[in-house]
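Below sits a lone chain in structure tokens, taken as the form predicted on its own.
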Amino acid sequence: MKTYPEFCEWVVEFIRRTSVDLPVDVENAIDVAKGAEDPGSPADNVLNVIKENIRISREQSTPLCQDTGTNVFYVYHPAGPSTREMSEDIVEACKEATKRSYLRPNAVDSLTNKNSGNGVGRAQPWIHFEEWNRDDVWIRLMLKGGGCENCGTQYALPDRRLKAGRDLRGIEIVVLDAINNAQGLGCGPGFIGFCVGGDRASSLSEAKKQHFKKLDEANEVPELRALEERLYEKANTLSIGPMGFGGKTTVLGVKGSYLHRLPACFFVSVSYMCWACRRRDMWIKNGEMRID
């Protein structure tokens, strides 16, 4: 982004902060979960290890997880800046962050099984640009690990196997089914993002986008807000617990959205995020950068 000569280095620092330091609301949720578990239980021990992991990563500026994940960027920008140049700078920043060990070389050619060695490749990083009617630039970054990505799934309603219809009850059934099927895999306790509607691609993308939401952010759709609360409560009665060792905390948060759909289709997509919910925001305004 030639308007800001420091842009590439800003993004490197943005990646570092996202990789090594959890957002406050996520860490608070883990603290609350630990307080709910029985002292000395397997769940309590797992959460103790997670908290120590968080402390060491922050103090030593090392990645929270050896799987630093897919780099998912959303860039909101005013009219004018070249998205091609911004994209090039973001790719270079990912290479540099990999060189500095803030990221792991994670990009593997799906046809040859060869690792690129520098952390970038086709759709790695994945960058989405959207122009908006503001002068500042807002960049959101999510580092999405492979283990939790493997736990994501999609349903087409009605689902006769689960007896789930095209209604709120049916949505609830399939999202709980996805959580139950994970059985602590994907480094639970996890965060759940879901989307109702859209086509297969847009539905999965919108479900993953829910992980950007702060945990205290109330859904503006009353029906979805109530559904999120029910799913959170019911998921935490499954006794799957942290890493599947049993306990009272299977999920740390549930966020949902919806998209319009074709009459013939009714997809429900579920995105699972591990306890290391690595997401941050970067703002550029009047030539200055801020990371939240």
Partner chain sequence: MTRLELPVSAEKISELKTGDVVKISGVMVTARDAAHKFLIEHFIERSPAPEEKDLYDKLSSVLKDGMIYHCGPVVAEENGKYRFVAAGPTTSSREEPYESHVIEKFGVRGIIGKGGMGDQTLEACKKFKSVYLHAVGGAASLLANSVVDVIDVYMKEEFGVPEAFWVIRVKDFDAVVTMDSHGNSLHKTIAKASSEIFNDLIRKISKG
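Because the structure is predicted, anything quoted here is derived from the model rather than measured. Numbering follows the first chain given and starts at 1.
Keep in mind that the form predicted together with its partner chain is not shown, yet the notes after this line are about it.
Candidate site formed by I56, T62 and D177: every one of these residues places a non-hydrogen atom within 4.5 angstroms of its partner chain in the predicted bound form. Taking the partner from elsewhere, Y258 is found to have every heavy atom lying beyond 4.5 Å of its partner chain in the predicted bound form. Although the partner is absent here, L252 lies well away from its partner chain in the predicted bound form, with no heavy atom inside 4.5 Å. The closest non-hydrogen atom of I240 lies within 4.5 Å of its partner chain in the predicted bound form. In the predicted bound form, its partner chain stays beyond 4.5 Å of every heavy atom belonging to V120. Heavy atoms within 4.5 Å of its partner chain in the predicted bound form are found in exactly one of 202-210, 142-150, 120-128, 70-78, that being 142-150. Put simply, of L157, V137, C187, V91 only one has a heavy atom within 4.5 Å of its partner chain in the predicted bound form, and it is C187.
Contacts between 244-266 and its partner chain, taken as any heavy atom within 4.5 Å in the predicted bound form, involve G244, F245, G246.
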